[in-house]
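The data below hold one chain only, encoded as structure tokens and taken in the form predicted on its own.
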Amino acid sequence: MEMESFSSLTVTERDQILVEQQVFNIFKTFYNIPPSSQSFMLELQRENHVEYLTNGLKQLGPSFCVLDANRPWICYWILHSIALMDEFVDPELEDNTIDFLSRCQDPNGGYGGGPGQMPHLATTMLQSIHLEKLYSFIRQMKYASGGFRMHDAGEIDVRACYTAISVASLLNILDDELVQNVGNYILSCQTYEGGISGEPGSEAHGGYTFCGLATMILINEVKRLDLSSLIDWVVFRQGVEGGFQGRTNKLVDGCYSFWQGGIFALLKRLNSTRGEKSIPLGDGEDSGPDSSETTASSDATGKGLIEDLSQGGSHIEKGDQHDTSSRVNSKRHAKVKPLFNSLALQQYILLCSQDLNGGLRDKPGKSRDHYHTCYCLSGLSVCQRSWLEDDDSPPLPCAVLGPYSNLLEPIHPLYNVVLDRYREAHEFFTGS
């Protein structure tokens, strides 16, 4: 492109062209090198990632002081990433982490971003077993409109609704009072585009769309959303780079590999539990690794994922403790094709987001960080199982880009925790 015409473009258009050029150069280099070198570039550098993550759990540099109120999140990003790779931290380091997190708990319920800090729903989402105080804290965050505040006098948005409802669901304390009017608030945030915004009147956003959809599933009101327009919005967020953008006309970002990719994982389960037919791809051609339709199990997580939506009602009866995440109608199945190009997304993650020295990043030219490492790996796990019939079965090798050693642990898409960890927590809290 000539310099004169380039200068006439908007900042957004110029940035998009520059990113496309960076990504194209990486892809061009990849396809012009010997197969042995291609294999190395597509290999998930597990040892380097684990070393990078473990070092972050031990000590962070002075530049991280701006994230002082996010230290429990840093613990989650690191520990979840390590769990995805089926690795473990040293017992002493694990004990130190648990000790730190315990000191973030507020005496009156909830967890703060650090010891002595204000309790906050986002950090509370990460851990707690003090159910009575936790329930009281979540209830205090409830606003009359049905939305939740992130903290005392804090913002009311879809993210807060998700953190409150997902914690209550996972810990088996979800009840009528917490559910009341939440669906109305989420519904008011679905925009004309089809995606969901953080608050009424704002722009549709990938992270909020995931949070809103997951919340509506957890309270069994997902049928109230315009799912057709939501699907239309999210499928067009995958760009020419193979990765996802978070909003219309924004740049690709590796973290949306999960925030947008996880939406497709939820939609696949919704189709299986509702007994719907396969959603056409539009071009009439198969694009999956085996070029055939795949049956999505209605008991996709082993324990099950969501309440059978055909039963109706705003949520399940009080005697069932609102456990919408663990039961489905096992008689209902559906053949569902993935609505995104999973191999293209895997290629973007491995070639453009992966730092071969450890860690993953937003896009080429950006630095690695623990946040993007977490959500790029979570998205990679979703990709690898997007054609899977049964999440308890391993994917076919052709569904995993690069060596099969790239295969990560499966996650529970409603909570973004490794499936085995979810099952342990679910068993513990439903039995308590």
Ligand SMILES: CC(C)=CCC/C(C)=C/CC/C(C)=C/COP(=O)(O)OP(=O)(O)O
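Computed from a prediction, not measured in an experiment: that's the story for all the values here. Note that residue numbering follows the sequence shown and begins at 1.
Beyond the structure shown, there is the form predicted together with this ligand, which is absent from this document and is the topic of what follows.
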Looking in the model of the complex, is this ligand within 4.5 angstroms of a heavy atom from every one of Y162, H205 and C211?
yes
Which among 263 to 271, 225 to 233, 98 to 106, 248 to 256 is in contact with this ligand in the model of the complex, heavy atoms within 4.5 angstroms?
248 to 256
Verify the contact flag for Y371: yes if a non-hydrogen atom of it lies within 4.5 Å of a non-hydrogen atom of this ligand in the model of the complex, no if not.
yes
If we define contact as a non-hydrogen atom of the residue within 4.5 angstroms of the partner, is Y135 a contact of this ligand in the model of the complex?
no
